[in-house]
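Below you'll find only one chain, the form predicted on its own, shown as structure tokens.
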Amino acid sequence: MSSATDRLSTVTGRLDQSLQPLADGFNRLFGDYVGELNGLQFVLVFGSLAAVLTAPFWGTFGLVRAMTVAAIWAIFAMSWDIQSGYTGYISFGHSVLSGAAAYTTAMLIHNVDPGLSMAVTIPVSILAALVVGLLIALPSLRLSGPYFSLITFVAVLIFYRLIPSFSAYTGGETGIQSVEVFTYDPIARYYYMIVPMLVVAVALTFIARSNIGLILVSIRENEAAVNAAGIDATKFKIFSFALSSIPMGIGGVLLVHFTGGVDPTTFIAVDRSIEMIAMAVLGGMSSILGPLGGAFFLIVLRDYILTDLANLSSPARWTIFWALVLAVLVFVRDGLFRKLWHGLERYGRGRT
């Protein structure tokens, strides 16, 4: 076993050295902002980026559709991660944020003006997500431990129950199904989702690598020490939740214009928040790109491999979905993609 590992290390080390000049060029330009890469990590990042950008030209219809959905859920998972993964304050209420944006779009079209331009509905909907995020964050993030998580969980339940109470405006249990989709062209629709996802990924990675990200991680590790250093941890926790609300709003807008409608089960139910958490956990929390990878892995597995290729029933697909998440929690607690990333770092340098 050791001999095989040594041989693998030798091969990967040589490959890393041959690719290192490309990585060095990237590191000189962007290393201070997003972190430095070795040769193997460079290939993983830009190989994955090339595969994502060209998927409509080599993937089947089913795969491209699954990746389109995955791009939206990747935004959700990354948004959850910048708040919960980095601060350690686990939120079960992020589906409220995306739901607020989606319902704002649908209600503006349904109740105000069916011809209302997306140039109006999109920014207003994202602002609505931010306002709802602040309404949750301001009282809850002054608490610690499980109390914060409990409040976010209750927020989902309240929002979910309010929808039928105002059915004249929200459509009740069936929702509103009169939202204009971006396009029915599968290729154009794919890029409508992928481009915002990439922008969100770059922006959140930049923030996570900045001093703000360092403070958020410090809050997770030792909040008392952060306060003792003269930094108001509560303000940064509220900031992280507000920051998280913006891409959650973007994702909610993308999803409602992808599906053409909104309903409480698809957008609000606490199940949606738990799925976001599962994607972040599987990919690797507090890494931004880990949750992105986790979202693509789980959505493509569930909606393409297990559905189109294996033709499994819905209960079977969900059983495999959650069994995989459970296995990662037990055996790979840092997440699959964090494990892969650190492995490339180790083997790229060669074992000594």
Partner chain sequence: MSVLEIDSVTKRFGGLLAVNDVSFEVDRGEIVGLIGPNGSGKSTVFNCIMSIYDVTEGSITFDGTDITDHRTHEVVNSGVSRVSQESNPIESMPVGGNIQLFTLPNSIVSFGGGASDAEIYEYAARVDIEDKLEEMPDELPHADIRRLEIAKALATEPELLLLDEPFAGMNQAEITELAATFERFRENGMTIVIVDHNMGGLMELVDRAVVLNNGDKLMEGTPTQVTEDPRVQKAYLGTAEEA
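Because the structure is predicted, anything quoted here is derived from the model rather than measured. Positions refer to the first chain, counted from 1.
This next part talks about the form predicted in complex with its partner chain, which is not shown.
Three-residue site Tyr304, Leu309 and Leu312 fully in contact with its partner chain in the model of the complex at 4.5 Å by heavy atom: No.
Heavy atom within 4.5 Å of its partner chain in the model of the complex - residue from Thr170, Ser140, Thr205, Ser218: Looking at Thr170, Ser140, Thr205, Ser218 one by one, just Ser218 meets the 4.5 Å heavy-atom criterion.
Of Ile231, Val154, Ile274, Leu134, the one that lies within 4.5 Å of its partner chain in the model of the complex (heavy atoms): The option sitting close enough to the partner is Ile231.
In the model of the complex, segment of 107-115, 236-244, 126-134, 155-163 with a heavy atom within 4.5 Å of its partner chain: Heavy-atom contact with the partner occurs in 236-244.
In the model of the complex, Ser178 touching its partner chain (heavy atom, 4.5 Å): Outside the cut-off, so no.
In the model of the complex, Ser144 touching its partner chain (heavy atom, 4.5 Å): Although its partner chain is absent here, Ser144 would stay clear of it in the model of the complex, with no heavy atoms inside 4.5 Å.
is_contact(Ile212, its partner chain) in the model of the complex, heavy atom dist at most 4.5 Å: Result yes; Ile212 sits at the interface with its partner chain in the model of the complex.
Contact flag, Asn222 vs its partner chain in the model of the complex, heavy atom cut 4.5 Å: Yes, Asn222 sits close enough to its partner chain in the model of the complex that at least one of its heavy atoms falls within 4.5 Å.
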